[in-house]
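The chain that follows stands alone, in the form predicted alone, written as structure tokens.
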């Protein structure tokens, strides 16, 4: 196993280097055979990486503890799904997974674009192979997953306790896949700058690949929030932890790019923005991987620390220097074809959108690296917490939601101000009314304003669907439901985008409710005793000690009643796994009742069964997960191929007229 896997990676590294040279020489000297060889090198490298992946997975599934990586991440008592998840439970496996995703998507992109974008493909191949070269160098020289132990142990140490959860089976692969997927758009961007072909071709080529990467990364972030919510026990789902932040950064710049690219396609503008955003997104993806693996910034999520951080930092520096250098060199060719004609236009809206997302990304980046800067300058590490991010990013998010409502109603070039105000009237009325109701009921003005702008954004989305359905019904006589469905089917990019906006609004409602109206109480109870929080009564029944092959769990069983009516039972757990007794993990007891989540944490207990419980009422959190499902639906809609236009038969008079004109 070790020889097969490591051999495949060594050959892949040599083939990647060859592919880079062949692609560049073939393009420079116009030797099509070398270009074709470079394309095949991309496929060959991917195939060899897949051989290594299958080999490592087989080693895990067969409990081949002779491999140091398998020994340190798995054990015989683990369920098969955790054994498979152990593949990316450490730095070596996660880097191999990163390279696999980059290779698969790069191979597909090169295959699909090799004829239509012939001038770009040699440099696309060279760029993606340069990324693979770095990863393969790390996997063969610095951190090989196929290192052998001097003897075969009978059993392994087991997976890190934080990874023994369904959320972490899903969160790391989606997050790493999101990082890796931006390799393809980065490859096309570099090819465009190297060749000087800075028009619409490279933008058209990467549009879908960027959406795929952005969508995968977004799903990874959602799974991470869900995992944090039911495992970490602080009562929330996003704590502005450094690793959370660096995962969010490429999503923010990627979001800006996906919006900004529309302007270049439609009006030939914002070319510098688009090139800079896609380069920044890939660089931030590398930075995110570096932060998780280096241990440079302490985080509860940094479960796989290693000495590879300096190598990633060096590679990140090379990526930034080369990309920025090319960008500066090509600035004359990236000038806009047109200028913004009016402040009240869709072009201005997209530019403001770029500024907001970039400002949010910079603020988050600065807050993340601030401890390092202060330690370097003042020899004292100062940290910033969630209040900093809320105070800085909160107003930016508010303006962003407002723009999300206004943007779809703006016209290209110049908007008719009177018509715009008339179209905004009813969404604005709905937003203001909801804000007033919220302010009266809760007395919380910031929450009321946030809800008002969210409802306003939803109102404009609904208005766009209503307007589109009305126009369609004039010619087709379809029902409103069918008209809306056909709008989405025939223009998935536009109306699928509105579905994504709706998902963001749903998540915003969940964030508003859980941020501003969370209630917390602490209880110390003996079996049979009760405590109240809001309208809910929590009755602590007993403390169970459950043992299985992996270790033991201490479980607090709690009944929940609302206004005296029983609403079910939850179990809040603490796990102690074999070989990791000093690293207990948890699973919160969560019960959704109406719009509320009743969230119970087992903090402490003693031998006589007395338990210290921390309870929260988290209003509207379930809307975040519903919004996540709608987000996925919107992404599928955007990416779904549009139907081919129906071919109309050419009638005899039309055919005869065309022939006579010829």
Partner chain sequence: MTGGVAAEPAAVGRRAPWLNTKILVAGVVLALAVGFLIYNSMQGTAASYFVTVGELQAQADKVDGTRVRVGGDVVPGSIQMGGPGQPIRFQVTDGTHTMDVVYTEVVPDIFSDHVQVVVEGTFHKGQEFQADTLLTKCPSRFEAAQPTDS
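Note that the structure is predicted; figures quoted are calculated from it, not measured. Residue numbers count along the first chain shown, from 1.
There is another form of the same protein, the form predicted together with its partner chain; it is not shown, and what comes next is about it.
Chemist: Would you please decide whether residue 366 lies within 4.5 angstroms of its partner chain in the model of the complex, comparing each non-hydrogen atom pair?
Modeler: It does: once its partner chain is placed as it appears in the model of the complex, residue 366 has a heavy atom within 4.5 Å of it.
Chemist: Applying a 4.5 Å heavy atom distance criterion, does residue 209 contact its partner chain in the model of the complex?
Modeler: No, residue 209 stays farther than 4.5 Å from its partner chain in the model of the complex.
Chemist: Does residue 382 reach its partner chain in the model of the complex if we count a contact as any heavy atom within 4.5 Å?
Modeler: Because a heavy atom of residue 382 falls inside 4.5 Å of its partner chain in the model of the complex, the answer is yes.
Chemist: My question is simply whether residue 574 lines the interface with its partner chain in the model of the complex - judged by any non-hydrogen atom within 4.5 Å.
Modeler: Taking the distances in the model of the complex, the answer for residue 574 is yes, it comes within 4.5 Å of its partner chain.
Chemist: Does every residue of 114, 326 and 417 put a non-hydrogen atom within 4.5 angstroms of its partner chain in the model of the complex?
Modeler: Heavy-atom distance to its partner chain in the model of the complex: none of the three under 4.5 Å.
Chemist: So which of 520, 565, 544, 265 gets a non-hydrogen atom within 4.5 Å of its partner chain in the model of the complex?
Modeler: Of the listed residues, the single hit is 520.
Chemist: Select from the listed residues 550, 585, 107, 423 the one whose heavy atoms reach within 4.5 Å of its partner chain in the model of the complex.
Modeler: Looking at the other structure, the residue within range turns out to be 585.
Chemist: Which one of these stretches, 480 to 488, 125 to 133, 339 to 347, 196 to 204, sits within 4.5 Å of its partner chain in the model of the complex when only heavy atoms are counted?
Modeler: Looking at the other structure, the answer is 339 to 347.
Chemist: For 597 to 627: residues with a non-hydrogen atom within 4.5 angstroms of its partner chain in the model of the complex?
Modeler: Contacting residues: 601, 603, 604, 605, 606, 610, 611, 612, 614.
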